[in-house]
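Below, in structure tokens: the form predicted alone, a single chain.
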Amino acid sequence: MKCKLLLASAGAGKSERIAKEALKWAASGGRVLLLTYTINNQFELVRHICRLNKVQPHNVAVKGWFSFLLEDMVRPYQRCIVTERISGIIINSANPHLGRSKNGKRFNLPGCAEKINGGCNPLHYVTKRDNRAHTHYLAKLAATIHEQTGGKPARRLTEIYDAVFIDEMQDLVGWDFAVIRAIVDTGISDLDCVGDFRQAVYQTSETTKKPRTSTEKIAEFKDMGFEIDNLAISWRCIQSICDLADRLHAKDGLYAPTKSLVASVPSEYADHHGVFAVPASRVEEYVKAYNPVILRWDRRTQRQFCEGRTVCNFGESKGLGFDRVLIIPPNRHAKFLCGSTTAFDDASTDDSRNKLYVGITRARYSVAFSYEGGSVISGAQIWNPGD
């Protein structure tokens, strides 16, 4: 049995690596399951498989995390908790059992407690009206069913598949790790988890259950006996962009320095590549000169300036790559890009820092950011073409 965790930098080619490993298993007759959270990444995995092999082999399955939980871990044994067949899922952006009173106070909705009279309450996990499973509690339901049936869901999984790959594992939190542990305990031939905690801008649920932070997740993987390795390379970004992105999480001490494998800058970008601070008064001029993709926090950010231009929110840009990027930085980002080493120290989550990491690493040849003057982070040039 092999359990591996690969921490892959942005642009390291991890999806292609997973596709190649899956095809190796398939070629030898193995049955392979590829899991990931987002729909976009499911398409990306299939795209890589088909590019390498022309078609997706019959013994390679690609599923979303919620589909996997419902189809493979919950439905086959759900009757121990939910007697009627679960009809599907309902996506929850937050805890579905919390209401809000007229004065703004949160309260628990009646009838949704985890236990009733000492037994499991189905309405903690599914809707009363149409028997759909809440995604917020789907991993918890899977883990509870696994426990109540003596481990049958995970054992069934290993009877179907020889190897399981989990991509974008940084999106998994809380009860998701109970499901991973259940798979580990079966002794499956190969369990391969790949991701980058620095790109954690989504998560499967807004849970309070640990692990939630990068440090907690790595500790959990270590406790489960995973072999942990780094793939600290980038086929996308030039070295100066890699260096800037690395500085965001340097204090964590979890990541090796990223090495760019971009051999050369194409001639059309040779006269302007690297990291640039653009005075706010000259941003319009910069955009006209280089036509970068503009990255922003959300659609409320500088609407008038962004209108009619190629714009993407930080989170939405995840998984994409652009030749040139212009970042419109919110306050914390601006402090960091102006050289502050404490810009994210008082943040309650890693969300802001991770979104900037994602934004910076979308760029192949140039990253620019607007700034109001003063100092800039080491490695950045102030854009002033008149000098």
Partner chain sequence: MKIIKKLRVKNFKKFADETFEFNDDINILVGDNECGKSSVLEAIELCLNLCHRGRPISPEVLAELFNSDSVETYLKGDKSQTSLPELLIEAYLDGDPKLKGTNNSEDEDTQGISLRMLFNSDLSPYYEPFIASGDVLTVPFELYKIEWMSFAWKPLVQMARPIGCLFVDPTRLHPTLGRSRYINSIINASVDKYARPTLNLNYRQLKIQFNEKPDVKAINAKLNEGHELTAKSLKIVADITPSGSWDSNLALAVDDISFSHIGKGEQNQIQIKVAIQNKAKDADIVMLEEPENHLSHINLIQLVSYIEQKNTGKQIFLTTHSSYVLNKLSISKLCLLAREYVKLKDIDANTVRMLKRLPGYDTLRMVLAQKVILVEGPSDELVLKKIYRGLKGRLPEEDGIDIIVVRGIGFKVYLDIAKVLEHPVRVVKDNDGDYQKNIVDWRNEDYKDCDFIECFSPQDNAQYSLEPALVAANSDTVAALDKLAKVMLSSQTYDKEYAACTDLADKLSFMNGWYDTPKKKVDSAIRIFDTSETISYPEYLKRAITFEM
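Since the structure is predicted, the reported quantities are computational estimates derived from the model, not experimental observations. Residue numbers count along the first chain shown, from 1.
This next part talks about the form predicted together with its partner chain, which is not shown.
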**OP:** Among 132-140, 311-319, 294-302, 73-81, mark the stretch whose residues have heavy atoms within 4.5 Å of its partner chain in the predicted complex.
**Re:** 73-81
**OP:** Considering only heavy atoms, tell me if H48 and its partner chain come within 4.5 Å of each other in the predicted complex.
**Re:** no
Original post:
Does its partner chain get within 4.5 angstroms of any non-hydrogen atom of H272 in the predicted complex?
Top reply: no
Original post:
Would F276 show up as a contact with its partner chain in the predicted complex if we use heavy atoms at 4.5 Å?
Top reply: no
**OP:** With heavy atoms only and a cut-off of 4.5 Å, decide whether R247 touches its partner chain in the predicted complex.
**Re:** no
Original post:
Pick from W175, F226, Y161, F197: which residue has any heavy atom within 4.5 angstroms of its partner chain in the predicted complex?
Top reply: Y161
**OP:** Note which of K251, K222, R106, R85 lies within 4.5 Å of its partner chain in the predicted complex, where distance is taken over heavy atoms; exactly one does.
**Re:** R85
Subject >> Contacts with its partner chain in the predicted complex, stretch 15-33 (heavy atom within 4.5 Å) >> reply: R31
